[in-house]
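Below you will find one chain, with nothing else, as structure tokens; this is the form predicted on its own, and questions on how it binds or moves follow later.
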């Protein structure tokens, strides 16, 4: 068992008291403008290997950032894990000294929405379970998964974890944001092998607000079904196919090209979008992509971003047209719009999506109706999961070439594909969507149905 402790997390965070102390300490140091962002958590996790404990961990972590603006408007930044008066004094002084070297071309300011009302979310808090209880629960889950099929010999990647976390944002103009949350996660990734055949693997993930609410049976069922479905595999001929992306795979693909919607990437010249791209057609006229971090399915949702801006739904693509970019305070100021609640915190503030909803634009018809991969006349490739997203995607060029796990479906029969790569251009993909199959599914990364795309290049194993 591994463990660590940190004074910043051991007693929790009192946002109002910390804000008052910081204000006093800043005044004593003649600092007029400052802000602080903090994220603290207590984590417990276990892993097992064939009925035995593989790893048991407990840790307290913190990430605390202090920024100070000098009289020239330049920003200095420092990190600390010490929230005592002495630690805060050192952090303020370090950020003040660093501001002399601030980048005049990157001058973030306070978000004008840092004191705006926040949304109210139903996020029930759960008491943490003893680590030995987690271990026994995971052992049972592993055993049940191993018993599902004789070919499933191991569950090499697995984990059951729980977390209690707090986030806050404070600034010298009175912003005082605080959120506490409990979450739990389970993942099971099985490995199956039959005599004379290659090993096949697949898995499943479940999230909840507490370990007692995790859908353990559902996770076992999904991991078993997906793994067993890959046992009967065969090569696929290289060619162009109509592809059906699983919700998880399509969300991963869109996430890999999220710079399309990222104002920071646009300003830095590393996005396919330009400043004048808003209002232009990006996809088929029935596609909608919304960033909605407040969706009830988003376990672990944050009600404010790294600058204190409230989280809110934002339509990125509506009716196939690019409608909005994701913004921080600085990018919003450059575009002359309000910040959208998607900022990190730093001297140069990052921007990122929260939780995507993908589907049909209301009233658009949603493309072809009644799509059913098992009832389709021709051959379709079902792409279940994508791999090597970090290496196979060139986001600034739009191209991708990614290994995938999936099935070739012909005449109602489904057979796993031995090994193959899907390649294309994201702009072509968005214009080649045929329609959607089934209801949208809640996943850890967003909400999405099965997505049909025609004419993608599939390269089989030589």
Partner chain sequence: MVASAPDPFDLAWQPRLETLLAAGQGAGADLVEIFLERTDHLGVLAEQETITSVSPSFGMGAGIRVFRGDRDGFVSTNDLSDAGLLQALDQALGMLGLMRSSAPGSRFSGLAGLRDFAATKAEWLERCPSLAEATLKLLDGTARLAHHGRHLQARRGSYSRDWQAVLVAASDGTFARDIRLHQSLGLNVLAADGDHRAGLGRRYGTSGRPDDLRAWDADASAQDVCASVGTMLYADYVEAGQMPAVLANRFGGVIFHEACGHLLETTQVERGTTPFADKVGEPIAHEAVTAIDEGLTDGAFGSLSMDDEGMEPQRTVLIENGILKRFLSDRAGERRTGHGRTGSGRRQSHAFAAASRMRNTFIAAGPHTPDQLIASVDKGLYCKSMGGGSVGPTGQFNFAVEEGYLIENGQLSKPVKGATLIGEAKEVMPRISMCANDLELAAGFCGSVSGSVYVTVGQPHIKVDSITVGGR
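Numbering follows the first chain given and starts at 1. Superpose the two forms; the largest set of C-alphas matching within 1.5 Å is the rigid core. None of these values were measured; they are calculated from a predicted model.
FYI, the form predicted together with its partner chain isn't displayed, but the following is about it.
Although the partner is absent here, residue 200 is a contact residue: one of its heavy atoms lies within 4.5 angstroms of its partner chain in the predicted complex. Its partner chain is not drawn, but in the predicted complex it has a heavy atom within 4.5 Å of residue 103. Contact between residue 348 and its partner chain in the predicted complex is found at the 4.5 Å heavy atom cutoff. Of the heavy atoms in residue 125, none are within 4.5 Å of its partner chain in the predicted complex. In terms of contact with its partner chain in the predicted complex, the residue from 149, 333, 275, 90 that brings a heavy atom within 4.5 Å is 90.
Of the listed positions (375, 365, 269, 370), a single one reaches within 4.5 angstroms of its partner chain by any non-hydrogen atom in the predicted complex, namely 269. Look at 74 to 82, 301 to 309, 111 to 119, 352 to 360: in the predicted complex, residues with non-hydrogen atoms within 4.5 angstroms of its partner chain sit in 74 to 82. Residues of 124 to 139 that come within 4.5 Å of its partner chain in the predicted complex, judged by any heavy atom, are 131, 132, 135 in sequence order. A displacement of less than 2 angstroms separates the C-alpha positions of residue 443 between this form and the one not shown, with the rigid core held in common. The two forms, fitted on the rigid core, differ between this form and the one not shown by 2 Å or more at the CA of residue 86.
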